[in-house]
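Take a look at this one chain, the form predicted on its own, written out in structure tokens.
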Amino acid sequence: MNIRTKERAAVRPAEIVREYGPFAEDGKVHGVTHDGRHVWAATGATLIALDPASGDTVRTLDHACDAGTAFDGRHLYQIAESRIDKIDPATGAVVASIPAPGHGGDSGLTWAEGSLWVGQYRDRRIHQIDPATGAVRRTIESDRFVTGVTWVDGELWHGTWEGDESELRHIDPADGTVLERLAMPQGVGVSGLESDGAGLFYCGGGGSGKVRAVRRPKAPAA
């Protein structure tokens, strides 16, 4: 199902509350996820886990990781070239692999509702896919390049990054309508995105090699 964004919401500045790193071995952070305790960042050849309180790196897993990262409560999922690897975080072992829908053009990755959600950067799309087979269940279209993707409290958010402009966008998963826009400072990009399930988004900083925590806006009072 292809659904187009119908309108845009007013843009507000993103509130960056903390920066971590730089960490990246290749100069980039590609994807991020949160396992309920640690923030994981994909840095090219190594997945690192950092303690968001101290900023210390507490785990490293040697694994190809050139795009989005996700966590389903037990396993990590990592985009590597044209596949998505399911990884046991305790051992680093790959327990399964499925094809990525973008065949190498994939960007963000997150887990929600028993599905993986995969951003397609230049195709400006988000796919909901079967985590066991990689089959596409539905597609949401955007009018901007899609980087990171995350769900929190029933809200679907994605990152955009075009030129020196980057935003976090809350969209309606039913029809793609843009509901909220948070603009990053000029020249600060979002390469990956994940919520901590509470009040923060963690954003991969692309070529900066950094991870940034951005405050999630409070929902309007009912």
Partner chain sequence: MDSLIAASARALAAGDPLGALKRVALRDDPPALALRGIAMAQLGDYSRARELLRRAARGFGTHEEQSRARCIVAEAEVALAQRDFGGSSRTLLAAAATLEARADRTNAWHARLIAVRRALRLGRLAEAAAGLAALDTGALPPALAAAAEMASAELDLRAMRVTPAVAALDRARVAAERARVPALAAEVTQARSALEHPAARRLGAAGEVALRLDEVGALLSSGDLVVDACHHTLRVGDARVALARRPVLFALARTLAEAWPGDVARHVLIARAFGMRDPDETHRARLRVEVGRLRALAAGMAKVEATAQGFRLVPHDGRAVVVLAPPIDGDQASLVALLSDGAAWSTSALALALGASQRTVQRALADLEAEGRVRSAGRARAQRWLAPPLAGFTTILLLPAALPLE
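Positions refer to the first chain, counted from 1. Bear in mind that the values here come from a model prediction, so they are computed numbers and not experimental data.
Keep in mind the form predicted together with its partner chain is missing from the figure; the text below concerns it.
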- Query: Quick one: in the model of the complex, does every one of 155, 171 and 175 get a heavy atom within 4.5 Å of its partner chain?
  - Reply: no
- Can you check 89-97, 102-110, 69-77, 126-134 and let me know which stretch has heavy atoms within 4.5 Å of its partner chain in the model of the complex? 102-110
- Item | Close approach of residue 28 to its partner chain in the model of the complex, 4.5 Å, heavy atom | yes
- Message: How about residue 179 - does it come within 4.5 Å of its partner chain in the model of the complex, if we only consider non-hydrogen atoms?
- Response: no
- Query: With the cut-off set at 4.5 Å between non-hydrogen atoms, does residue 64 touch its partner chain in the model of the complex?
  - Reply: yes
- Message: Contact with its partner chain in the model of the complex for residue 56, defined as at least one heavy atom pair within 4.5 Å: yes or no?
- Response: no
- Let me know which residues along 163-195 have a heavy atom within 4.5 Å of its partner chain in the model of the complex, or say none if there are none. 163, 164
